[in-house]
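The chain that follows stands alone, in the form predicted alone, written as structure tokens.
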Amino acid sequence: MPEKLRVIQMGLGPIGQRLVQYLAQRPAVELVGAIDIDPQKTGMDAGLLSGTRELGVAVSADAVSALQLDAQIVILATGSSLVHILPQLEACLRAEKSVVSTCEELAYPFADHPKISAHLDDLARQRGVAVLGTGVNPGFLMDALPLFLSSACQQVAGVEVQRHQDAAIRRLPFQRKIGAGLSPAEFASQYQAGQIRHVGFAQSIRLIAHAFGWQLDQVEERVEPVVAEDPTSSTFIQVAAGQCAGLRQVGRGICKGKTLITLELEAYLGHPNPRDTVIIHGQPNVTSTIQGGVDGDIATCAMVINALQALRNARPGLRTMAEIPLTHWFGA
């Protein structure tokens, strides 16, 4: 049997707490440390804080000390911005810990943050560890899954991914991120301020293109509100007719005027046909649909935890989902 994985959880917001819950269910993984800057969480048992059993792991605000614990991997769930989490990543790597993170920009940072990417890659190689950004999207549905499905193709001419979600079942921060409950004018204002959109489309598009050897001339995104015709609601938000129930976001990867990659997200309260569909245009054509769609919160945490074994076996450096060993569920 492989050695039990020893893990430190950094970040205990809603996703971090769910990660701790799932970690507690894996006999092959041991949580040995927990880090969060919230003073109200300091000293609390990470398991009890996260709504599971007592784990005997106290939350610490002292990241430097906690990172000296005997662990192989840090799960980093503190933000979507690579610039924001950079000091945390550096601290983990200098402590000779591999990192798997929910940071969307880390899934493929090379185009938008080339200097930071080179720095992280050098630092990880020097310390003999690996860094990976993953989750449900980016990390699985809109990049890793289409890449794997293309394995059955002799030729590939284009990729489409359609992710349609009933956002009523998602957590409140996600519903706010898609603009649920706003007026169209408020939606437009918050979109211009960068507060509304799903982060990760550009990363998924560039990851697919890099893996296929496609040289893109342009990556573009468009975001528009989905306005409710009738009242709808979730546990957290009431949406009147004429207010925004969520959004539709489309990203495209373009080469010589031709769209090679199209990613479409429809996420709004009360979506009538939730599903996740991947279409590979090629020889042969491949279409795969998950009826009902993948629960984004469950799958984000599951992807991170299921990537732990693959990350342990990955080459040192800054890695993507196209480079690490195939991820899968593991139990004992």
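Not measured: the values here are computed from a predicted model. A residue's number is simply how far along the shown sequence it sits, counting from 1.
The same protein also has a form predicted in complex with another copy of the chain, omitted here; what follows describes it.
- In the predicted complex, another copy of the chain sits within 4.5 Å of a heavy atom belonging to Ser150.
- In the predicted complex, another copy of the chain lies farther than 4.5 Å from every heavy atom of Glu54.
- When contacts are judged by a 4.5 Å heavy atom cut-off, Ile290 counts as touching another copy of the chain in the predicted complex.
- Among heavy atoms of Ala144, some come within 4.5 Å of another copy of the chain in the predicted complex.
- Contact annotation: another copy of the chain lies within 4.5 Å of heavy atoms from the stretch 279-287 in the predicted complex, the single such stretch among 279-287, 35-43, 262-270, 63-71.
- Only one of Trp214, Phe236, Phe110, Tyr191 lies close to another copy of the chain in the predicted complex, with a heavy atom inside 4.5 Å, and it is Trp214.
- Residues of 16-52 lying near another copy of the chain in the predicted complex, listed in sequence order, are Tyr22, Gln25, Arg26, the criterion being any heavy atom within 4.5 Å.
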